[in-house]
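Before any questions on how it binds or moves, here is one chain, the form predicted alone, in structure tokens.
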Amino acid sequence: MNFLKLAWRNIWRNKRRTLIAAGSLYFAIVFALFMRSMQFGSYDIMIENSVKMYSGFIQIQDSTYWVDKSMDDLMEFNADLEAKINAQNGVIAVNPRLESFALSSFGLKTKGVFIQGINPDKDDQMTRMSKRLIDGSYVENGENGIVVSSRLAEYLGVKIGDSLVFLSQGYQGVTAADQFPIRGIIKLAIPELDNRLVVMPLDIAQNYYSAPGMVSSLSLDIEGGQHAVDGIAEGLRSALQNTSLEVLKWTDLNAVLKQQIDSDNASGLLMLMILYMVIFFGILGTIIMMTTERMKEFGVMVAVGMSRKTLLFITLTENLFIGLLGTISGLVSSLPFIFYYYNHPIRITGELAAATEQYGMEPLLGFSLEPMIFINQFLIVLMLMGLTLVYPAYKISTLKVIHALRA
């Protein structure tokens, strides 16, 4: 305790130098936390919009469906298969879907659309699609009606109560042609989906495509989100290994999104490395200056009987106090702002918002409260402070008392 008190008093003998060193760490921590939290928060929003609201974190399909996405490669969905999947740890619900493309028409306008046949009650518990209604009502089981995305409705010039005509190819080459009344309009965050999505009840879609009891995929609602995908997927592969079914993770279903996240994360790590490199050399310069100025003091302490190990321990403790002062103050002051923006994401506007939407992303800057973001920055700063101890450790271990007393 006496050594700790001595180290604490030593760092305040020169308040300006201590505050400069701690201040540089403070601003590094604040900048790093905001940058990484914003990055991971934006990734969470992208994954939420692209994965949870559309594909799901895990899908089960026939092994031949993923290549061509042909209606002839549908799979049969029954109670036994559903029970086998639900028996896996981490699986909350199995959402059967029948998805395909069709040509839609209203008046003189036509457009290719993506039809998604779902079980409205079960699927909505995962996607929360009904929360995005801007007009009308959501589809219900057995109801002969559809919900269309807002940009598609705007392009075709349709409103609630109008009917859309669809033409497509059904199961085993059967022609699929029918018209459906519009029950609701939803606004989706992903522009690509908002331009073409049509949602209808699963039984209606199966009847339209002449595929009773058939689905294109099973989208799974799971516990733990993206962090639990690998373990649950492996368990499902083991359970379904003697079938023709294939288990696909969200990274398989959204390869482009995964590449975008990995690329952006790599650039963020590079910026972080540059920041910490600058901070490291700034702190190292301060430590060298502090050590050089105190050489006579070190000589006196060794001359009166203090061991070099004890002297090194006191110096290490001083650096640790400075590091903790900068990092803890940075963490404490950043957390309220990050928590606020975690609950209130920043909406991008203007040309930047348009550019963001072109990449298929919602123009939002979210923040993350992932604990490892804070832990990693704390550990990195402590590691940098540890590296700066190399110089004073070398100077103390090679200290010549006579030369130091004459300094």
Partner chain sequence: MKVIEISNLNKIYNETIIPVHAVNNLSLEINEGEFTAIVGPSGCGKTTLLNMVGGLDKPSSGSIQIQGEDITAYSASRLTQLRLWNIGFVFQAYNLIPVLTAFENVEFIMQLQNKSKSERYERTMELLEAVGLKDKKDVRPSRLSGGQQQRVAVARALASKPKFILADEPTANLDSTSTETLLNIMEELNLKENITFIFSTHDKRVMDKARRIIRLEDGRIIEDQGIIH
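In this text, all values refer to a predicted model and were calculated from it rather than measured experimentally. Rigid core: the largest C-alpha set superposing within 1.5 Å between the two forms. Residue numbers count along the first chain shown, from 1.
The following text describes the form predicted in complex with the partner chain, which does not appear among the structures shown.
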Specify the contacting stretch among 284-292, 224-232, 138-146, 298-306, defined as having any heavy atom within 4.5 Å of the partner chain in the model of the complex. 298-306
If we test each of Thr388, Asn10, Thr18, Ser24 for a heavy atom within 4.5 Å of the partner chain in the model of the complex, the one that passes is Asn10
Quick one: Phe3, Ile402 and Leu405 and the partner chain in the model of the complex, is every residue within 4.5 Å by at least one heavy atom? yes
Any chance the CA of Met271 moves 2 angstroms or more between the shown form and the other one, core superposed? no
Core fit, then Leu335 C-alpha moves 2 Å or more between the shown form and the other one: no
Answer yes if the Cα of Asn242 shifts by 2 angstroms or more between the shown form and the other one on a rigid-core superposition, and no otherwise. no
